[in-house]
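Next up is one chain by itself, shown in structure tokens, the form predicted alone.
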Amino acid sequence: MSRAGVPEPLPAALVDLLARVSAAYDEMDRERRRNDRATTLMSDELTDLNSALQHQVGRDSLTGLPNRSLFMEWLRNGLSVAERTGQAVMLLFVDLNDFKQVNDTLGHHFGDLLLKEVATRLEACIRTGDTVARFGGDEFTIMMPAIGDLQQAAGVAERIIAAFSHRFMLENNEVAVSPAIGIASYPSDATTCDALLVAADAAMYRAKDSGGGAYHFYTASMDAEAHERTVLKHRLAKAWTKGEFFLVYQPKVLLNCGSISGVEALLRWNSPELGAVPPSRFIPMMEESGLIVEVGEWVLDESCRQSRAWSEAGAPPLRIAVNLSARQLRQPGLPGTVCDILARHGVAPDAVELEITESMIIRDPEYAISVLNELRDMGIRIAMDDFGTGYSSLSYLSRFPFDSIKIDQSFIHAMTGNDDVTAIVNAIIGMGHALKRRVVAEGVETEAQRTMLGELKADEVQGFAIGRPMSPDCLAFLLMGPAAVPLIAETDCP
């Protein structure tokens, strides 16, 4: 203390120390505030991330619809509410016909675009309070709670079918797909979520079997069908890897002279567990799964190998007809695949005839025309199979490069004693000849039918009255055996 009572100034060193301590405290306070802000921001980000993750867990990343897990949770809740209130719940199971074709021909990018558009159209068709979910792949489910009657579910299904009647535009590519819709009801059809899904799935397969856009309600008889389908599908995949499929050959005969003009290769399956499975049961499943592409290529390859074997054994020239599936026709590079098979076995192109049906070409006729013209330019013959069961459009016969048309067997069976059907067959034969196409009648089972077709001037006939499908050895015996040997069935082979 100075003599005048004025405090003496602090030493410079102490002032400097106090300043540095104050600055350190200020910096510590600022760091604390920064940490508080960082902690708050991190907490907010974690909250947002957790919300996003929770949303993602229950949502399909492509369409934004509820995914299978979330839909099952909502369905369980919906059934619980319905049990308490005594109301009904409808479940619609929707599958897309021909979706695999889009992926195979245009690529997965366009398949994804299609699924997004499908989701949008489905949401536009449902009622307020209904839920659409992407169940997986090209399968969608719709829950309709508090429903009054079946007609409400039918109305939604009909709106979906109508919405899908308009083509999807995917980056300047027009794509047509149709829905197969199965409908099951709680509690009349099932009382648990899993059982309700099984019922709706079974009804969906019935709708798929109907072809095109269709819906079906579940019935109790579908349980056995669903079980049979599951068993068959499981066995089918194994059967292909185990080599359980084989070919038989059914002769075609010229009506004007009775000589064999060719054979049709037919796929057969003899399962060790199921026995002989009819083609009408397993071939649609092959189409559905896509296995038909690989199997169809094998059928053509095996037919050409057998043709070469017959030729080397001294058999007369014989044309082999092979059925082409819808998926094969749409498969990129089909003409090249056929060319490679012919070259591998040394078979001339005009020794092969590919049979297609009307239903295979109506979905994308321009593409079909281009593929068939390319095959025809190679020298391969093209036949329209099952003529009369589809649109039977004259434009198809004039625009497509068909060498022959095969009258569907339903007309041949109904022809005897029915003047109207006979007139139709006569008109088809006349039309075919006017267009310079050969006309083949398939499914000829009686001598009377054969005689009538001769009088109507059909070119060729095929059926049980002519010859049943037979093994390669049986056909070789028929072709190279005694001239008097009649056409015979496989079981009659020596």
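Owing to the predicted nature of the structure, the values given are computational and were not obtained by experimental measurement. Numbering starts at 1 and follows the sequence shown.
FYI, the form predicted together with a small molecule isn't displayed, but the following is about it.
For Lys233, no non-hydrogen atom is located within 4.5 Å of the small molecule in the predicted complex, even though that partner is not displayed. A residue is said to contact a partner when one of its heavy atoms sits within 4.5 Å of a partner heavy atom; Asp301 fails this definition for the small molecule in the predicted complex, lying far away.
The closest heavy atom approach of Arg399 to the small molecule in the predicted complex falls outside 4.5 Å. Although the partner is absent here, Gly463 lies within 4.5 Å of the small molecule in the predicted complex, judged by heavy atoms. For the options Ser404, Ser261, Ser185, Ser325, the residue carrying a heavy atom within 4.5 angstroms of the small molecule in the predicted complex is Ser325. Only one of Asp189, Asp95, Glu244, Asp386 lies close to the small molecule in the predicted complex, with a heavy atom inside 4.5 Å, and it is Asp386. Contact with the small molecule, judged by heavy atoms within 4.5 Å in the predicted complex, is confined among 453 to 461, 439 to 447, 421 to 429, 60 to 68 to 439 to 447. Across the proposed site, Arg268, Ile292 and His413 without exception bring a heavy atom within 4.5 Å of the small molecule in the predicted complex.
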